[in-house]
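Given as C-alpha cells, the chain that follows is alone and in the form predicted alone.
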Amino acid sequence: MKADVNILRKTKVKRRGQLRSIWNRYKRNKLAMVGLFLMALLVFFSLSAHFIVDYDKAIHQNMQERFQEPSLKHIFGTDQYGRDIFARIIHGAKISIFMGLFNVAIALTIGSIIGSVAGYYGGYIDGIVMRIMDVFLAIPQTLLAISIVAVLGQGVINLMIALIISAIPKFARIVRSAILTVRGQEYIEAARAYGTNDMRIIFKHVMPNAIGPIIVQATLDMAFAILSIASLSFLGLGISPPTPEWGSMLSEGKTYMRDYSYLVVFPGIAIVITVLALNLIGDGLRDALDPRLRN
C-alpha cells in the first residue's frame, strides 16, 4: 500500500516537473509570450464586456450620432446607424472568441475519437474511416463551410455546425498520425498484456502521450475558426445584423470605407490581433512541446 502511494506521489511530481519544463521553454519564446499576453487581454475584454460598455450601445440605433469620427465620447467612432463601434468590437470579441473555442472543442473531441479508433485498430477500419475523411479533406475547409451553411441556411447554429464538420477531418488525421507513433510502444503492449480494455488504453495511455501536436493544431485551428466566422459573416452567411460581429461589421462598413475608413479599420485590426495572437501561441507551444528542442 505504501509503495503504491509513493509511486503515485512520484508520478504527480514528475507531471508537475514536465509542466514546469514546458512552461520554462515556452517563456523563452518572446513572441509566444506576446501572443499569450494579447490573447489574455482579449479574453479579459470579452468576459468583462458588459461591465466596460453597455450592450445597448452596440445594437441601439441613434441616427443623430451617425458617422461620428473617433472622439472621447465614442473612442472608435460610430457607424451608419449611430452605433458605437468600440461597443460592437468589445461585444463582438465575446462572440468570435467563444464561438471559435466551442467549435474547436467539439471538432477536437469528435475528431480525436475518430482518429484514435482508426489509428489504434488499423486495418480495414483505418482504411474506411480515413477514406471518408479524405473525401472531406479534398474540399477546402472554407468552401466546405460555405456549402454547408448554404444548404442549412443562415444562423448561428448552422454556422457552428458548418465549422465543426469542416474541422473534424483535420483533427482526425492529426490524431491518427499521433496515435500511430505511440501505439507500438512497450507500455501499450504491457497494458494489453495486463488485460486493459481498448478504450482505456486509447484514452488513458495513448492519447496523453500524443497530446502535443493535438494541442498545437487546436490552437492554430481556433485562429482559423475565428477567421472563418468573420469571413462567412462578411459574405452574409454567418451571424446576421444587428448582432455585433467583426465580419459583419466589415461587410456593413465596406460601402462607406472611402469616406469613413475607421468603419473597417478597427474591426479589421481586431481580427488581425486575435489571429496573430493565436498563431504566436501555437508556434510557441509547438516549440515547447517538441522533445527535440528541450536542450
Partner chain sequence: MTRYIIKRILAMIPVLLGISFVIFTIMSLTPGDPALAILGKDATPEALELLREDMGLNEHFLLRYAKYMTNAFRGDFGISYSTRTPVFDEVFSRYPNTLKLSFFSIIFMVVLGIPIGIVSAVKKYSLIDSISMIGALLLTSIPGFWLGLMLILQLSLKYRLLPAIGIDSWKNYIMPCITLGAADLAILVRITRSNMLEIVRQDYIRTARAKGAGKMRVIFKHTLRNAMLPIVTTIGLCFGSLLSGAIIVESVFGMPGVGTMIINAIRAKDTPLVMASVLFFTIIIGLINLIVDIIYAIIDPRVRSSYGG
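Quick caveat, the model's predicted, so the values are computed rather than measured. Numbering follows the first chain given and starts at 1.
Not on display, but discussed next: the form predicted together with its partner chain.
Taken together, the three residues Ser116, Ile128 and Ala218 all stay farther than 4.5 Å from its partner chain in the predicted bound form, as judged by their closest heavy atom. Proximity to its partner chain in the predicted bound form, taken as heavy atoms within 4.5 Å, picks out 151 to 159 from the listed stretches 151 to 159, 68 to 76, 82 to 90, 167 to 175. A heavy atom within 4.5 Å of its partner chain in the predicted bound form is found for one listed residue only; from Val43, Leu36, Ile52, Leu235, this is Leu235.
The closest non-hydrogen atom of Ile146 lies within 4.5 Å of its partner chain in the predicted bound form. The closest heavy atom approach of Leu285 to its partner chain in the predicted bound form falls outside 4.5 Å. When contacts are judged by a 4.5 Å heavy atom cut-off, Pro140 counts as touching its partner chain in the predicted bound form. For the chain shown alone, Val275 is a contact residue for its partner chain in the predicted bound form, at least one non-hydrogen atom being within 4.5 angstroms. Contacts of stretch 250 to 289 with its partner chain in the predicted bound form, defined by any heavy atom lying within 4.5 Å, are made by Leu250, Lys254, Met257, Arg258, Ser261, Val264, Val265, Gly268, Ile269, Ile271, Val272, Val275, Leu276, Asn279, Leu280, Asp283, listed in sequence order.
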